[in-house]
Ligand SMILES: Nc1ncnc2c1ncn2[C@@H]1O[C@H](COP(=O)(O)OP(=O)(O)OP(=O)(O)O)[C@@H](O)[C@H]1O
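Here's a solo chain for you in structure tokens, the form predicted alone.
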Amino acid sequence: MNKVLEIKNLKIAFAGHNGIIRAVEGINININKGECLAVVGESGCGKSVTGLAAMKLIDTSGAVVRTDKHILCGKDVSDLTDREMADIRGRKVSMIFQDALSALDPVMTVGKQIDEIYFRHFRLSKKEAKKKSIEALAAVGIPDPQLRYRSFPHELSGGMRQRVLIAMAFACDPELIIADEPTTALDVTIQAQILQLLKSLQKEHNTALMIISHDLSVVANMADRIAVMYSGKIVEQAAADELISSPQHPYTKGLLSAVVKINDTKGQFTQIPGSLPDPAAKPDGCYFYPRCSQLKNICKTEKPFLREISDTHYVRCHNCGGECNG
């Protein structure tokens, strides 16, 4: 399979009031053509900045971003300038942001905003760009796309605005789309529609998709692989069906236990105790140990490595069974 995104040893740090904030600590991300990778974890775990770093959208005046390798759509982008990246963003890789109202320009019609993509990357005329933009709106299920072409963002519902962002993301038929919490601000019914639309378009275009979410239940039926992040590190990664059916890390088990099931008769909500550690003062050993129900003495002093427990399953834990003990 052709790798659309390959990042090795990604590290991201910010200067905070209480010291250096290590947002991401040496993770690897690989996504193949046509594959959907879900990156899951609590708010503050580093998943969103990972997505931004993949597109080189982090302002380096206030952050330090380091990688050993950063290949995007077959091109080494490690040393590219922002001007050079502008030719790749939108054309080769696009991003769907979680807050459509903030992502869209409030003083431009949605049609004109999609037109800009065709002007920038295909040098189309105004007439040609308008035709393509209306087709893009129709492709994401927006009713009466000619009318909506002339609408401003505030005139559309939250679901429609999200569909506009999806239309913009797929406009240039990119090789990779990064969707950062694309359904967070939507009600449950609209969430399902947006996820189904994303899944359908991804399969239709054979696009690689990196979907970022705090909710395992949201991505369980979309992803081919799932990477679970905790406090800047990937703690478990596996094929989606394997991770859902046989989670190994205590944190992954906790996330799955917190998902409300339709056939649940207990009427109780299970939650993981405690919260993420202060990113400027993380524990010496395993970052999850203060919240872990399987705590051992080694967990307090030694950081676990990401270990392979099968051809497709990796876990960062001292107590995950078999060859993972250590």
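Keep in mind it's a predicted model, so treat the numbers as computed, not measured. Residue indices: 1-based, along the sequence shown.
Quick note: we don't show the form predicted in complex with this ligand, though the next part is all about it.
Since the chain is shown here on its own, which stretch among 42 to 50, 25 to 33, 283 to 291, 66 to 74 would lie within 4.5 Å of this ligand in the predicted complex, judged by heavy atoms?
Selected range: 42 to 50.
Does the 4.5 Å heavy atom contact test between E175 and this ligand in the predicted complex come out positive?
Answer no; every heavy atom of E175 is more than 4.5 Å from this ligand in the predicted complex.
State yes or no: in the predicted complex, is some non-hydrogen atom of L10 no more than 4.5 angstroms from a non-hydrogen atom of this ligand?
Output for L10 is no: heavy atoms all beyond 4.5 Å of this ligand.
Is there a non-hydrogen atom of D115 within 4.5 angstroms of a non-hydrogen atom of this ligand in the predicted complex?
D115: no, not in contact with this ligand in the predicted complex.
Look up in the predicted complex whether F14 has a non-hydrogen atom within 4.5 angstroms of this ligand, and give yes or no.
Contact with this ligand, yes.
Within 4.5 Å of this ligand in the predicted complex: residues from 153 to 184 (heavy atom criterion):
The stretch touches the partner through E181 alone.
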